Each structure stands twice: as structure tokens, then as C-alpha cells.
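Before any questions on binding or motion, here is one chain by itself as C-alpha cells, the form predicted on its own.
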Amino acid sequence: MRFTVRAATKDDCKEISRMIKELAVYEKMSDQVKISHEELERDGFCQNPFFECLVAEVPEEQKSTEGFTVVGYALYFYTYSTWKGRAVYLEDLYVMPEFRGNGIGTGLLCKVAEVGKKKQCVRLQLSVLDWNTPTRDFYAAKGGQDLTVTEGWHAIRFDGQSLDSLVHEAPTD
């Protein structure tokens, strides 16, 4: 199958939003998606973007059954390790189900790694749900290490009331 991987543009945000919703359905968390394509446009295509994104596109003659030519995306941003230095964090890697198994996911992953290396990142990090064995196996086959198993790291999140509580406890200026 022919496909290209390219940097997303502001015009791709509706397609990215569509695929974010598809990914959320797959991950059994569709009720948690609150972001709009307008927010993606604002946050990813401003003077200091919060994220970068790549899209996978197939030629018109290979479009999806619904008529889509943008069939995958990888959304990522940069972080920093006080032990190692620059890092890239892959928030989402998604390929529409009918296009899986054609190297598109590998193409997106490898391109994110390439972008990170060009920016002198020393590692690529991501999270995978514990029940998502096919995806965990995919990353393991590419050399990804499961840090929960090897180092015991756990993901921690503050949001909603817990985030608000931290804000209210912040020292005053």
C-alpha cells in the first residue's frame, strides 16, 4: 500500500479530531474526549505550539470506505529528563483499522523518532493501556521497554478537582 507521512497542517485538524475520537472508542474511553478541532488548531498551530503532529495519507484511489485519505496520525510533544536531557513524548499513534498491517503505524513511529533525533532528543516515550496487548507487542517488537515492568514507574495524573486543589495550595506571589 502506498502512503506518505507528512507534517500535519491546520487544515488537517478536523481529520485528526475524527481519528482522536476513533482512538478513544478503541480505548473504551470515548466519553473522555472533550477537545475540538478548533482547540487543536489553536494549540498546535500557534506561535509556540503545545504539540506537533504527523499524518499518514493514502492516494485517492486507496481512500477508506468512508472516503478518507488521511488514515493515521502521530501527535507528540517535547519533554525534558533531568537525568538524560531532551525527550519526545508520543501522546497518540493511530491508524484506522482498515489500514493496519500495511506499515503505516511503523512509518509514523519511525518518523516521530527521526524528528526527535533531529532535535537532539535522547529518548521517545509513550504510554499504553495495560489491556492493549497488540499495541504493547508492536512497541516491544520495535525495541520499546515497558518501564512499569523493568523499572516500576507508574503514571500519575492530576486533573479536575485534584488539579484545582493543587492550584489553591500554591504559594502566593
Partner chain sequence: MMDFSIRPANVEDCKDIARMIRDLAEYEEMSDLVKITQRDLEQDGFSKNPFYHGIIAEVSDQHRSQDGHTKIGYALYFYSYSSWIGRAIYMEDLYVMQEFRGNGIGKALMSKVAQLGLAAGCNQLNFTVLDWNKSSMDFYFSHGCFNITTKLGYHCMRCEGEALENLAQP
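Just so it is clear, the model here is predicted, and its values are computed rather than measured. Positions refer to the first chain, counted from 1.
One more form of this protein exists, namely the form predicted together with the partner chain; it is left out here, but the text below deals with it.
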- request: Verify the contact flag for Ala7: yes if a non-hydrogen atom of it lies within 4.5 Å of a non-hydrogen atom of the partner chain in the model of the complex, no if not.
  value: no
- request: Determine whether any heavy atom of Met1 comes within 4.5 Å of a heavy atom of the partner chain in the model of the complex, and answer yes or no.
  value: no
query: Using 4.5 Å between non-hydrogen atoms, is Glu61 touching the partner chain in the model of the complex?
result: no
message: My question is simply whether Tyr139 lines the interface with the partner chain in the model of the complex - judged by any non-hydrogen atom within 4.5 Å.
response: yes
field: Partner contacts for 112-131, taking the partner chain in the model of the complex and a 4.5 Å heavy atom cut-off
entry: Ala113, Glu114, Lys117, Lys119, Cys121, Val122, Arg123, Leu124, Gln125, Leu126, Ser127, Val128, Leu129, Asp130
